[in-house]
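A single chain, nothing else alongside it, follows as C-alpha coordinates in the form predicted alone.
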(Lines give C-alpha, C1' and ligand atoms only; values in the text may rest on other atoms or scores of the structure.)
Protein backbone atom coordinates (compact mmCIF):
# COMPACT_ATOMS: atom_id res chain seq x y z
CA UNK A 1 0.00 0.00 0.00
CA UNK A 2 1.54 3.32 -1.07
CA UNK A 3 1.76 6.34 1.19
CA UNK A 4 -1.12 8.83 0.89
CA UNK A 5 0.82 12.09 1.13
CA UNK A 6 -2.42 14.07 0.82
CA UNK A 7 -3.24 13.09 4.41
CA UNK A 8 0.08 14.52 5.59
CA UNK A 9 0.07 17.88 3.77
CA UNK A 10 -0.43 20.97 5.92
CA UNK A 11 -3.52 23.09 5.40
CA UNK A 12 -1.19 25.69 3.94
CA UNK A 13 0.25 23.26 1.38
CA UNK A 14 -3.20 22.04 0.40
CA UNK A 15 -3.96 25.62 -0.63
CA UNK A 16 -0.85 26.05 -2.80
CA UNK A 17 -1.50 26.99 -6.44
CA UNK A 18 1.18 26.55 -9.11
CA UNK A 19 2.38 29.69 -10.89
CA UNK A 20 0.35 29.99 -14.05
CA UNK A 21 3.27 31.69 -15.75
CA UNK A 22 5.62 28.82 -14.89
CA UNK A 23 3.02 26.29 -16.06
CA UNK A 24 2.34 28.18 -19.28
CA UNK A 25 6.03 28.45 -20.11
CA UNK A 26 6.22 24.65 -20.19
CA UNK A 27 3.76 24.72 -23.08
CA UNK A 28 5.59 27.33 -25.14
CA UNK A 29 9.03 25.76 -25.19
CA UNK A 30 9.08 25.36 -28.95
CA UNK A 31 10.98 27.42 -31.54
CA UNK A 32 7.82 27.56 -33.66
CA UNK A 33 5.89 29.46 -31.01
CA UNK A 34 6.35 33.21 -30.67
CA UNK A 35 6.26 33.65 -26.91
CA UNK A 36 5.06 36.99 -25.61
CA UNK A 37 4.50 35.26 -22.28
CA UNK A 38 7.75 35.41 -20.30
CA UNK A 39 9.16 38.26 -18.26
CA UNK A 40 12.73 37.77 -19.34
CA UNK A 41 15.39 40.19 -20.53
CA UNK A 42 16.73 39.71 -24.05
CA UNK A 43 19.71 37.37 -23.74
CA UNK A 44 21.14 38.68 -27.01
CA UNK A 45 22.19 41.83 -25.16
CA UNK A 46 23.98 40.02 -22.33
CA UNK A 47 27.67 41.11 -22.29
CA UNK A 48 28.93 37.54 -22.00
CA UNK A 49 32.62 38.45 -22.32
CA UNK A 50 32.37 40.88 -19.41
CA UNK A 51 30.53 38.33 -17.29
CA UNK A 52 33.29 35.81 -18.05
CA UNK A 53 35.92 38.38 -17.06
CA UNK A 54 34.11 39.29 -13.82
CA UNK A 55 33.58 35.60 -13.01
CA UNK A 56 37.22 34.68 -13.67
CA UNK A 57 38.46 37.60 -11.59
CA UNK A 58 36.03 36.75 -8.76
CA UNK A 59 37.27 33.18 -8.63
CA UNK A 60 40.94 34.17 -8.74
CA UNK A 61 40.62 37.04 -6.26
CA UNK A 62 38.04 35.66 -3.83
CA UNK A 63 38.01 31.96 -4.75
CA UNK A 64 38.07 30.42 -1.28
CA UNK A 65 35.37 32.80 -0.02
CA UNK A 66 33.35 32.68 -3.24
CA UNK A 67 33.02 28.89 -3.11
CA UNK A 68 32.24 28.79 0.61
CA UNK A 69 29.17 29.52 2.72
CA UNK A 70 28.67 33.24 3.30
CA UNK A 71 26.85 35.33 5.87
CA UNK A 72 23.06 35.40 5.77
CA UNK A 73 23.13 39.18 5.26
CA UNK A 74 25.34 38.89 2.18
CA UNK A 75 28.80 40.07 1.21
CA UNK A 76 29.54 43.40 2.87
CA UNK A 77 31.25 45.07 -0.10
CA UNK A 78 28.29 44.30 -2.38
CA UNK A 79 25.81 45.68 0.17
CA UNK A 80 27.88 48.86 0.53
CA UNK A 81 27.98 49.20 -3.25
CA UNK A 82 24.20 48.87 -3.46
CA UNK A 83 23.76 51.42 -0.65
CA UNK A 84 25.87 53.88 -2.64
CA UNK A 85 23.85 53.16 -5.76
CA UNK A 86 20.57 53.82 -3.96
CA UNK A 87 21.97 56.99 -2.39
CA UNK A 88 22.61 58.35 -5.89
CA UNK A 89 18.92 57.65 -6.62
CA UNK A 90 17.90 59.84 -3.69
CA UNK A 91 17.57 57.27 -0.89
CA UNK A 92 18.96 58.56 2.41
CA UNK A 93 19.13 57.34 5.99
CA UNK A 94 20.17 53.79 5.04
CA UNK A 95 23.08 52.00 6.70
CA UNK A 96 24.54 48.52 6.35
CA UNK A 97 22.15 46.96 8.87
CA UNK A 98 19.23 47.99 6.64
CA UNK A 99 20.38 46.06 3.54
CA UNK A 100 20.67 42.32 2.93
CA UNK A 101 21.17 40.25 -0.20
CA UNK A 102 18.32 37.93 -1.13
CA UNK A 103 18.03 35.08 -3.59
CA UNK A 104 16.30 37.40 -6.09
CA UNK A 105 13.30 39.54 -5.13
CA UNK A 106 10.94 36.56 -5.11
CA UNK A 107 12.64 35.40 -1.93
CA UNK A 108 12.10 38.89 -0.56
CA UNK A 109 8.37 38.56 -1.22
CA UNK A 110 8.29 35.14 0.40
CA UNK A 111 10.18 36.36 3.49
CA UNK A 112 7.97 39.44 3.87
CA UNK A 113 4.87 37.23 3.73
CA UNK A 114 6.34 34.84 6.30
CA UNK A 115 7.35 37.64 8.66
CA UNK A 116 4.05 39.53 8.62
CA UNK A 117 1.14 37.31 7.57
CA UNK A 118 -0.85 34.97 9.79
CA UNK A 119 -3.66 32.86 8.29
CA UNK A 120 -6.64 35.15 7.71
CA UNK A 121 -4.66 38.41 7.86
CA UNK A 122 -5.54 41.08 5.29
CA UNK A 123 -3.03 42.43 2.79
CA UNK A 124 -3.78 45.22 0.32
CA UNK A 125 -2.65 44.70 -3.27
CA UNK A 126 -3.21 46.38 -6.59
CA UNK A 127 -5.70 44.88 -9.02
CA UNK A 128 -4.17 43.41 -11.10
CA UNK A 129 -1.10 42.52 -9.05
CA UNK A 130 2.16 40.66 -9.59
CA UNK A 131 1.47 36.92 -9.57
CA UNK A 132 4.56 36.11 -7.47
CA UNK A 133 3.35 38.42 -4.70
CA UNK A 134 -0.12 36.90 -4.81
CA UNK A 135 1.45 33.44 -4.51
CA UNK A 136 3.72 34.45 -1.61
CA UNK A 137 0.83 35.94 0.38
CA UNK A 138 -1.63 33.19 -0.54
CA UNK A 139 0.86 30.57 0.66
CA UNK A 140 0.60 32.22 4.10
CA UNK A 141 -3.22 32.07 3.80
CA UNK A 142 -3.72 35.82 3.53
CA UNK A 143 -7.00 37.53 2.68
CA UNK A 144 -6.71 40.03 -0.17
CA UNK A 145 -8.16 43.52 -0.30
CA UNK A 146 -7.72 44.86 -3.83
CA UNK A 147 -7.41 48.40 -5.18
CA UNK A 148 -7.80 48.93 -8.94
CA UNK A 149 -5.17 50.56 -11.12
CA UNK A 150 -5.59 53.18 -13.80
CA UNK A 151 -3.00 54.79 -16.08
CA UNK A 152 -1.48 56.60 -13.06
CA UNK A 153 -1.13 53.53 -10.84
CA UNK A 154 -3.02 52.53 -7.70
CA UNK A 155 -6.12 54.70 -7.27
CA UNK A 156 -5.61 56.48 -3.98
CA UNK A 157 -9.21 57.60 -3.52
CA UNK A 158 -10.33 53.97 -3.69
CA UNK A 159 -7.47 52.90 -1.40
CA UNK A 160 -8.64 55.47 1.15
CA UNK A 161 -12.20 54.15 0.91
CA UNK A 162 -10.93 50.59 1.43
CA UNK A 163 -8.93 51.68 4.48
CA UNK A 164 -11.99 53.35 6.00
CA UNK A 165 -14.03 50.19 5.42
CA UNK A 166 -11.35 48.02 7.03
CA UNK A 167 -11.07 50.39 9.97
CA UNK A 168 -14.84 50.23 10.55
CA UNK A 169 -14.60 46.43 10.50
CA UNK A 170 -11.70 46.60 13.04
CA UNK A 171 -9.35 45.00 10.52
CA UNK A 172 -5.78 46.25 10.40
CA UNK A 173 -4.09 45.32 7.11
CA UNK A 174 -0.59 43.96 7.48
CA UNK A 175 0.75 45.97 4.55
CA UNK A 176 0.07 47.61 1.20
CA UNK A 177 1.99 45.93 -1.63
CA UNK A 178 2.76 47.93 -4.76
CA UNK A 179 4.88 47.81 -7.92
CA UNK A 180 5.09 51.56 -8.60
CA UNK A 181 7.32 51.55 -11.70
CA UNK A 182 6.27 49.94 -15.00
CA UNK A 183 3.90 47.63 -13.19
CA UNK A 184 3.86 43.88 -13.72
CA UNK A 185 1.51 43.11 -15.43
CA UNK A 186 -0.08 46.49 -16.19
CA UNK A 187 2.95 48.50 -17.37
CA UNK A 188 1.68 51.69 -15.66
CA UNK A 189 3.69 53.93 -13.32
CA UNK A 190 2.44 55.53 -10.11
CA UNK A 191 2.61 59.33 -10.34
CA UNK A 192 4.58 61.43 -7.87
CA UNK A 193 1.33 62.87 -6.50
CA UNK A 194 -0.02 59.40 -5.77
CA UNK A 195 3.25 58.27 -4.20
CA UNK A 196 3.07 61.17 -1.80
CA UNK A 197 -0.58 60.40 -1.08
CA UNK A 198 0.25 56.74 -0.37
CA UNK A 199 2.90 57.78 2.16
CA UNK A 200 0.40 60.21 3.72
CA UNK A 201 -2.18 57.42 4.04
CA UNK A 202 0.48 55.16 5.56
CA UNK A 203 0.96 57.71 8.36
CA UNK A 204 -2.77 58.34 8.80
CA UNK A 205 -3.71 54.65 9.00
CA UNK A 206 -0.45 53.34 10.53
CA UNK A 207 0.43 51.23 7.48
CA UNK A 208 3.50 49.41 6.24
CA UNK A 209 4.27 49.68 2.52
CA UNK A 210 6.06 46.97 0.54
CA UNK A 211 7.67 48.62 -2.50
CA UNK A 212 8.61 46.07 -5.15
CA UNK A 213 10.73 47.78 -7.81
CA UNK A 214 12.37 45.34 -10.23
CA UNK A 215 12.06 47.65 -13.24
CA UNK A 216 12.78 51.18 -12.01
CA UNK A 217 16.10 51.45 -13.81
CA UNK A 218 14.59 50.32 -17.12
CA UNK A 219 13.00 53.69 -17.92
CA UNK A 220 13.35 54.57 -21.58
CA UNK A 221 10.82 57.43 -21.86
CA UNK A 222 9.71 60.28 -19.61
CA UNK A 223 11.10 61.69 -16.39
CA UNK A 224 12.30 59.55 -13.49
CA UNK A 225 10.16 59.65 -10.33
CA UNK A 226 11.63 59.20 -6.83
CA UNK A 227 11.00 55.83 -5.26
CA UNK A 228 8.66 55.45 -2.31
CA UNK A 229 11.73 54.60 -0.23
CA UNK A 230 13.39 57.87 -1.27
CA UNK A 231 10.22 59.85 -0.53
CA UNK A 232 9.13 58.18 2.69
CA UNK A 233 12.21 56.62 4.24
CA UNK A 234 12.66 53.22 5.79
CA UNK A 235 10.36 53.68 8.81
CA UNK A 236 7.20 52.57 6.96
CA UNK A 237 8.64 51.13 3.75
CA UNK A 238 10.26 47.78 3.02
CA UNK A 239 11.89 47.92 -0.41
CA UNK A 240 12.58 44.92 -2.66
CA UNK A 241 15.06 45.16 -5.54
CA UNK A 242 16.55 42.61 -7.94
CA UNK A 243 19.35 42.04 -10.42
CA UNK A 244 17.06 39.82 -12.50
CA UNK A 245 15.56 42.60 -14.62
CA UNK A 246 18.42 45.12 -14.62
CA UNK A 247 21.07 42.49 -15.36
CA UNK A 248 20.79 38.69 -15.40
CA UNK A 249 18.13 36.45 -13.84
CA UNK A 250 20.64 33.59 -13.73
CA UNK A 251 22.47 35.33 -10.88
CA UNK A 252 19.38 34.80 -8.67
CA UNK A 253 20.25 37.84 -6.58
CA UNK A 254 18.28 40.74 -5.22
CA UNK A 255 18.34 42.91 -2.11
CA UNK A 256 15.97 43.98 0.64
CA UNK A 257 15.95 47.31 2.45
CA UNK A 258 14.16 47.55 5.80
CA UNK A 259 14.49 49.12 9.21
CA UNK A 260 16.54 47.10 11.67
CA UNK A 261 13.78 45.47 13.78
CA UNK A 262 12.01 44.24 10.65
CA UNK A 263 15.30 43.17 9.08
CA UNK A 264 16.19 41.06 12.12
CA UNK A 265 13.07 38.94 11.54
CA UNK A 266 13.73 38.74 7.79
CA UNK A 267 17.27 37.49 8.48
CA UNK A 268 16.00 34.69 10.72
CA UNK A 269 13.47 33.74 8.05
CA UNK A 270 16.22 33.66 5.45
CA UNK A 271 18.42 31.49 7.64
CA UNK A 272 15.62 28.92 7.69
CA UNK A 273 15.08 29.23 3.94
CA UNK A 274 18.57 28.95 2.46
CA UNK A 275 21.21 30.01 5.04
CA UNK A 276 22.68 32.50 2.55
CA UNK A 277 22.50 33.53 -1.08
CA UNK A 278 25.29 32.20 -3.33
CA UNK A 279 28.61 33.83 -2.49
CA UNK A 280 30.00 33.22 -5.98
CA UNK A 281 27.29 35.17 -7.80
CA UNK A 282 27.55 37.93 -5.19
CA UNK A 283 31.26 38.37 -5.92
CA UNK A 284 30.60 38.26 -9.66
CA UNK A 285 27.89 40.90 -9.25
CA UNK A 286 30.20 43.06 -7.16
CA UNK A 287 32.85 43.03 -9.88
CA UNK A 288 30.30 43.64 -12.64
CA UNK A 289 28.67 46.59 -10.86
CA UNK A 290 31.83 48.17 -9.42
CA UNK A 291 33.47 48.32 -12.85
CA UNK A 292 30.55 50.31 -14.26
CA UNK A 293 29.44 47.47 -16.49
CA UNK A 294 25.93 47.31 -15.07
CA UNK A 295 25.39 50.94 -16.07
CA UNK A 296 26.71 50.14 -19.56
CA UNK A 297 24.34 47.19 -19.88
CA UNK A 298 21.32 49.15 -18.62
CA UNK A 299 22.13 51.85 -21.21
CA UNK A 300 21.90 49.20 -23.97
CA UNK A 301 18.57 47.95 -22.61
CA UNK A 302 17.19 51.49 -22.46
CA UNK A 303 18.19 52.01 -26.08
CA UNK A 304 16.87 48.72 -27.46
CA UNK A 305 13.68 48.01 -25.51
CA UNK A 306 11.70 51.03 -26.78
CA UNK A 307 12.16 49.71 -30.34
CA UNK A 308 10.44 46.51 -29.22
CA UNK A 309 7.71 48.31 -27.28
CA UNK A 310 6.97 50.60 -30.23
CA UNK A 311 6.75 47.60 -32.56
CA UNK A 312 4.21 46.01 -30.20
CA UNK A 313 2.06 49.15 -29.90
CA UNK A 314 2.08 49.63 -33.68
CA UNK A 315 1.09 45.98 -34.23
CA UNK A 316 -1.71 46.21 -31.65
CA UNK A 317 -3.07 49.26 -33.44
CA UNK A 318 -2.93 47.44 -36.76
CA UNK A 319 -4.13 43.95 -35.88
CA UNK A 320 -6.22 43.89 -32.69
CA UNK A 321 -10.01 44.09 -33.08
CA UNK A 322 -12.11 47.17 -32.36
CA UNK A 323 -13.00 47.39 -28.68
CA UNK A 324 -9.50 46.40 -27.55
CA UNK A 325 -7.26 48.68 -25.49
CA UNK A 326 -3.77 48.53 -24.00
CA UNK A 327 -1.24 50.40 -21.89
CA UNK A 328 1.77 52.21 -23.38
CA UNK A 329 4.55 51.88 -20.79
CA UNK A 330 7.49 54.25 -20.43
CA UNK A 331 9.76 51.42 -19.32
CA UNK A 332 9.86 47.87 -18.03
CA UNK A 333 8.89 44.75 -19.96
CA UNK A 334 5.11 44.57 -20.38
CA UNK A 335 2.05 45.80 -22.21
CA UNK A 336 -1.33 45.00 -20.61
CA UNK A 337 -4.04 44.44 -23.21
CA UNK A 338 -7.81 44.31 -22.75
CA UNK A 339 -9.85 42.52 -25.40
CA UNK A 340 -13.63 42.74 -25.98
CA UNK A 341 -15.38 41.32 -22.91
CA UNK A 342 -17.10 38.58 -24.90
CA UNK A 343 -13.68 36.93 -25.32
CA UNK A 344 -12.22 34.83 -22.48
CA UNK A 345 -8.43 35.04 -22.74
CA UNK A 346 -7.95 32.02 -20.43
CA UNK A 347 -10.25 29.84 -22.54
CA UNK A 348 -8.53 31.07 -25.71
CA UNK A 349 -4.99 30.26 -24.58
CA UNK A 350 -4.78 26.73 -26.01
CA UNK A 351 -6.02 28.00 -29.36
CA UNK A 352 -3.30 30.64 -29.28
CA UNK A 353 -0.70 27.91 -28.75
CA UNK A 354 -2.15 26.11 -31.78
CA UNK A 355 -1.76 29.40 -33.68
CA UNK A 356 1.90 29.39 -32.55
CA UNK A 357 1.75 32.41 -30.24
CA UNK A 358 1.66 32.70 -26.44
CA UNK A 359 0.73 35.28 -23.79
CA UNK A 360 -0.05 35.18 -20.07
CA UNK A 361 -3.73 35.00 -19.19
CA UNK A 362 -4.94 38.04 -17.30
CA UNK A 363 -6.87 36.11 -14.66
CA UNK A 364 -3.56 34.95 -13.13
CA UNK A 365 -2.97 38.48 -11.79
CA UNK A 366 -6.27 38.78 -9.92
CA UNK A 367 -6.29 37.24 -6.42
CA UNK A 368 -10.07 36.88 -6.59
CA UNK A 369 -9.93 35.40 -10.12
CA UNK A 370 -12.51 37.92 -11.32
CA UNK A 371 -11.25 38.99 -14.75
CA UNK A 372 -11.35 37.14 -18.08
CA UNK A 373 -10.59 39.73 -20.73
CA UNK A 374 -6.96 40.77 -20.19
CA UNK A 375 -3.61 39.40 -21.34
CA UNK A 376 -0.04 40.30 -20.43
CA UNK A 377 2.25 40.75 -23.42
CA UNK A 378 6.03 40.80 -23.02
CA UNK A 379 8.13 42.77 -25.52
CA UNK A 380 11.60 42.56 -23.94
CA UNK A 381 12.57 39.01 -24.94
CA UNK A 382 11.44 39.05 -28.60
CA UNK A 383 12.80 40.93 -31.62
CA UNK A 384 10.52 43.53 -33.29
CA UNK A 385 9.78 41.39 -36.35
CA UNK A 386 8.55 38.46 -34.25
CA UNK A 387 6.60 40.81 -32.00
CA UNK A 388 4.73 42.10 -35.04
CA UNK A 389 4.05 38.59 -36.32
CA UNK A 390 2.98 37.37 -32.87
CA UNK A 391 0.50 40.23 -32.44
CA UNK A 392 -0.76 39.57 -35.98
CA UNK A 393 -1.48 35.94 -35.09
CA UNK A 394 -3.20 36.97 -31.86
CA UNK A 395 -5.23 39.62 -33.65
CA UNK A 396 -6.46 37.12 -36.25
CA UNK A 397 -7.47 34.69 -33.48
CA UNK A 398 -9.30 37.41 -31.55
CA UNK A 399 -11.18 38.54 -34.65
CA UNK A 400 -12.22 34.96 -35.34
CA UNK A 401 -13.84 34.91 -31.88
CA UNK A 402 -16.03 37.87 -32.75
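Because the structure is a prediction, the values reported are computed rather than measured. Residue numbers count along the first chain shown, from 1.
Not on display, but discussed next: the form predicted in complex with a further copy of the same chain.
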Indicate whether residue 130 is a 4.5 Å heavy atom neighbour of a further copy of the same chain in the predicted bound form.
yes
Answer for residue 55 alone: is it within 4.5 Å of a further copy of the same chain in the predicted bound form, judged on heavy atom distances?
yes
Taking heavy atoms and a 4.5 Å cut-off, does residue 250 contact a further copy of the same chain in the predicted bound form?
yes
Please run the contact check for residue 63 against a further copy of the same chain in the predicted bound form: heavy atoms, 4.5 angstroms, yes or no?
yes
Stretch in contact in the predicted bound form with a further copy of the same chain, which is absent here, among 348-356, 335-343, 361-369, 36-44 (heavy atoms within 4.5 Å)
36-44
Looking at a further copy of the same chain in the predicted bound form, is some heavy atom of each of 158, 327 and 331 within 4.5 Å of it?
no
Only one of 194, 174, 219, 308 comes within 4.5 Å of a further copy of the same chain in the predicted bound form by heavy atoms, so just point that one out.
174
The unique member of 275, 96, 299, 169 whose heavy atoms fall within 4.5 Å of a further copy of the same chain in the predicted bound form:
275
Which residues from 222-236 come close to a further copy of the same chain in the predicted bound form, meaning a heavy atom within 4.5 Å?
235, 236
